[in-house]
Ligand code: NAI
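Just one chain is shown here, as structure tokens, and it is the form predicted alone.
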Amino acid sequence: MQDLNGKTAVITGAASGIGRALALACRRAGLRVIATDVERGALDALARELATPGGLAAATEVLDVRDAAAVEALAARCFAGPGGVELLFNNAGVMMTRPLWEHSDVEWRWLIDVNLTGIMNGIRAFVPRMLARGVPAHVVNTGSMASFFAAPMLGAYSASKFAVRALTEALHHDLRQRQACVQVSLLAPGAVKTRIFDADRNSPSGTPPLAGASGAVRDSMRSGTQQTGMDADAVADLVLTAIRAERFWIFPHPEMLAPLPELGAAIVAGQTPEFGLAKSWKLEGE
């Protein structure tokens, strides 16, 4: 889809981070933007940024991607008129740093429902309508480099992102099998300057605070990302370039792919998994 001007984009998790950057990049590219998030205040701030005199109308809407009925209702409204949606960014995501056995049931379900079920809800609501409309369209699912590498203290997050990768590849195969007009991409970034390490601000009631080793790892990752992470605006520009080129894989940090051949060989050889960054994650006194 080389010409994005005049198209409509729906973005989840749009009030901050990569989602916000995607909304602003789409606006600059001449798209009509429908930005959604669970944070009303941040959405209002984004709405002011999206307001461009003479441009296509932009809209913001509070949306919890875990709510399948709400996502379905949004899609129905978007396709109710003569137009529709050409770009869908299933971007909403959350992270908590804990050993797997310390995740409460509430927290586990929240992580999986936002990161994975939220994408599935977007696919079920929008893709059938895109297919029925018969106009070239594109879906971008936000995964992570954690879609390829399991890490300590990030078990729930890694599990959700591994699943996002599988779901996105399967969606590509399903659409290609029927020669559909809808293209798919997997966005798999590494460290990006976002607020994902503060995702607990939106966590369900009853979620225990991050403390001790879990909090220390979160703080270390946050600090490192702020020092060396990529700007979200740069990621958004790469995403739009990939859409125009109809590329499936979007790797803002291609240098992180280097261990994949060795990892694949270790799996085939039946070797016990190892995590290469374990030493850098070791806390003082341990």
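Just so we're clear, the structure is a prediction, and the values are computed from it rather than from any experiment. Residue indices: 1-based, along the sequence shown.
Below: the form predicted together with this ligand, not depicted.
Proximity of residue 250 to this ligand in the predicted bound form: non-hydrogen atoms within 4.5 Å are absent; the residue sits far from the partner. Remark: residue 15 counts among the residues lining this ligand in the predicted bound form, judged by a heavy atom distance of 4.5 Å or less.
Using a 4.5 Å cutoff between non-hydrogen atoms, residue 126 does not count as a contact of this ligand in the predicted bound form. A residue is said to contact a partner when one of its heavy atoms sits within 4.5 Å of a partner heavy atom; residue 182 fails this definition for this ligand in the predicted bound form, lying far away.
Of the candidates 70, 238, 38, 31, 38 is the one whose heavy atoms come within 4.5 Å of this ligand in the predicted bound form; the others do not. With the partner omitted from this view, the residue of 97, 121, 194, 168 that lies near this ligand in the predicted bound form is 194 [heavy atom within 4.5 Å]. Of the candidate stretches 101 to 109, 198 to 206, 81 to 89, 131 to 139, only 198 to 206 has residues whose heavy atoms lie within 4.5 Å of this ligand in the predicted bound form. Of all the residues from 144 to 179, those having a non-hydrogen atom no more than 4.5 Å from this ligand in the predicted bound form are 144, 157, 161.
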